[in-house]
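Two forms of a single protein chain come next, each set out by itself as structure tokens; they are called structure 1 and structure 2.
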Structure 1
Amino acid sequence: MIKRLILAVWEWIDDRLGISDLIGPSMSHLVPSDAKWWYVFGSATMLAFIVQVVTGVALAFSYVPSSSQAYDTLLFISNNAPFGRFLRGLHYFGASAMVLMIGAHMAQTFLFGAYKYPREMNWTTGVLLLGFTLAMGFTGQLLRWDQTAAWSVVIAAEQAGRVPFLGSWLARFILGGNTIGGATLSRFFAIHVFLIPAFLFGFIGLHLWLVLRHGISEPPTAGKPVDPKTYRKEYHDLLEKSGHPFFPDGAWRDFVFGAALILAIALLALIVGPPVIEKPPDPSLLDADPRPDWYLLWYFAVLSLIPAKTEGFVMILAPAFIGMLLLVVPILNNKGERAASRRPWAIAVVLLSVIMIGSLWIAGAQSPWSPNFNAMPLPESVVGVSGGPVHDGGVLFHDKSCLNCHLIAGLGGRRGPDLTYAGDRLTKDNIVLRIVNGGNNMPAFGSMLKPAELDALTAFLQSRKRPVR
């Protein structure tokens, strides 16, 4: 009785709205029956995106994008709001999952040659979706509005400022003015919740439409190259012969993998939790260790490791070059063998990318370029025991935080040059000028030191000489 009623209601609604006409064909369309576990990453990416939309909207209920309140509302969400910490965790690990799944999806479609005729535009729209996703990661990080977040954006703006010709305009565009402030936050918020999501929705729609239009690619067979003249007919025949309907025969793996992904995101959110909210942003605090979230860390590492003068070019040219390469590959190379065993260079490209990003990522995680805030006072073996300017200078070298950035006999930080043998290289004037005025990435200490302290530091550095034998 109730069943008949529900069925009748459903039939009434379906007749008026045409839901099954819309969904039905995409559910029942035939897919190659040997498309198995390798094919789950696309739907997993979309699932992660849905997690992001749902948790993002929920976060926006409590988040106030104003420079005076953002920090406090986030503390409130993390510490007081029911499930707030869990929610932030979901949003953070959802983002990580989305980036990872896109990576896996790209590697798989690339290795399977799935971007070849007629699916070139599936690849192109996918590359754009990758760009939008990374942009979401970058803009989202600033919304945390704590010290690390603010500094990362300041650094991005400074690096953008070094881009030839467009630099100052780019930097102003990123910051929404000359310095970081309320305007920056409003701008990042608008971009993060309105602009890029609009693009994401649009291009995901297009991407899915293309998937339906061309069908998912059959797993490649070595020795069966793609010929645009015959491919469509061959694909059609293959489906007629051995295809099965997407739902449920093809889709169950997507459900299983998707459920596992959601479970992993939820467990990480619950156990590890979201990134801690650090101190509120304060440009006068120097002991910030700005670094982007892990999926952008490797790029940060590139920019920090290459010589400062080339940064401006690399910063904009490298992504532009990689982007162009990714967009052009399928259009120029849309025929021929699909099987990875016949395209060894494709395997090499994927392996090299993974190794490169992996090692840069490790470099980024260790970040030798950022100050070492745990530097211990220099031992007596280095500074000597007796009083006197050299000894006092050695003590000051730690107390004035010089040691955080400079190495002395292997102790300290690596942000600035190793000063173990500074006395051999630098004159007294060199040293004094540098300490007073600072310079590339070294703060000026002129106003922070008493004359006697400056003398002691200088004496200490002058005494750093290679032992004479």
Structure 2
Amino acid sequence: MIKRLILAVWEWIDDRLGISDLIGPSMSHLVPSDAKWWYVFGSATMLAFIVQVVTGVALAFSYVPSSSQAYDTLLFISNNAPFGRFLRGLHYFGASAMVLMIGAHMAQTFLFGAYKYPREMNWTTGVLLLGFTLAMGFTGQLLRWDQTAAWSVVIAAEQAGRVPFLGSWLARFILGGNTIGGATLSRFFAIHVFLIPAFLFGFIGLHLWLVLRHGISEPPTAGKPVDPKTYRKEYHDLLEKSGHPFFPDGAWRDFVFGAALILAIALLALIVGPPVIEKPPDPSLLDADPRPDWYLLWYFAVLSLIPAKTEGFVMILAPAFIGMLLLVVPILNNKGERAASRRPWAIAVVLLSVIMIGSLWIAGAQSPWSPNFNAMPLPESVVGVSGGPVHDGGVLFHDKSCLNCHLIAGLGGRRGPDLTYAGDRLTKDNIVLRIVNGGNNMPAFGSMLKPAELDALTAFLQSRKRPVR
């Protein structure tokens, strides 16, 4: 009785709304029989995006996009709201999963040559979706409205400001004025919550339509190149001979992998939790150690490692060049061999990209160029004496934040030169001139030190010599 009632209700709803006519073709369309586990990353990306939409909407119920309240409401969500910490964790790790899955999907598509005829536009929309995903992650980081958020938007405005002709306008657009403030947060909230999701929904819909139109590419076979004149007929014959419906024959792998992905996101959100909220934003504070989320950390390393004279070129030309290169791939190479074994350069491109991003990510995580704001005072065993000018200079070397940027016997920061044996390399006059006048990224301390303090610092650095054997 209940089963018949449910069936009758469904038939009535389906007759009025045409749900079967809408979803049916996508569920029943034929896919190659050997399209298996390598093909799950696309659906996993969409599933991660759904997690972002659901958790984002839930968080928006409590988040107030105001410069005076955003920080406090985020603390409330994390510490007091029911399931708030868990929701933030889901949103954070959902973003990470989305970046990982879209990266894996594009790498698999590239290695399989699935961007070739007739799927050139599938690749193009995928590249745009990658860009929107990264933009979504960046704008979401700003909404935390802490120190990292403030410095992230300053860097974004600085990068945009170097665009020829439009730079000043773009920087003001990002900031919502001439300086970071409430208008900045409101603007990024609108971009993150409304604008980018609208583009994502639109391009995901277009991408899925293109998948239905051109079909899922069959796994490549060495010695069977793509010929635009005959490919469509060959693909149609393949599906007629050995294809099977996407649901349920092909969809179960997507379901299993998607369920595992959701479980992993939930466990990470529950066990690890969301990223820590730092101090409230204050761009005037220089003793900050801002760094982006892990999927943008490699770019943070690039900007930190490049020479100052080339910053403008790298900031503007590098992203534009990479984006254009990705977009023209199917135009320059839309036919011929698809098998990776016949395209070793494709394997090399993917491996080199992974190695480059991985190496830069490690460098960004270690960030030896950043000051060490947690440097501890130098112990007596390193200073060498327990009193006098050398001892006082060693104390000042920490108190005046010199130790944040310079190493002494392996202690301190690595942004500046290692001064463990500064006395062997620098004369007293050299030391005084550098401390007083500064240089490169080092500030001038002349106006900050009393004569006795300058003498103590000089005495300490002069004492830093290799032991005589």
Ligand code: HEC
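As the structure is a prediction and not an experimental result, all values here were calculated from the model. Here, residue number means position along structure 1's sequence, counting from 1. Here the rigid core means the biggest group of C-alpha atoms that line up within 1.5 Å when the two forms are laid on top of each other.
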Form selected (criterion: the form predicted together with this ligand)
1
Tell me whether Pro248 is among the residues that move between structures 1 and 2 (Cα shift of 2 angstroms or more, core superposed).
no
C-alpha of Ser381: shift of 2 angstroms or more between structures 1 and 2, rigid core aligned?
yes
Rigid core fit then Val31 CA moved by 2 Å or more between structures 1 and 2:
no
In Å, how large is the C-alpha displacement of Arg425 between structures 1 and 2 after the rigid core is aligned?
8.4
Core overlaid, Gly394 C-alpha shift between structures 1 and 2, how many Å?
4.2
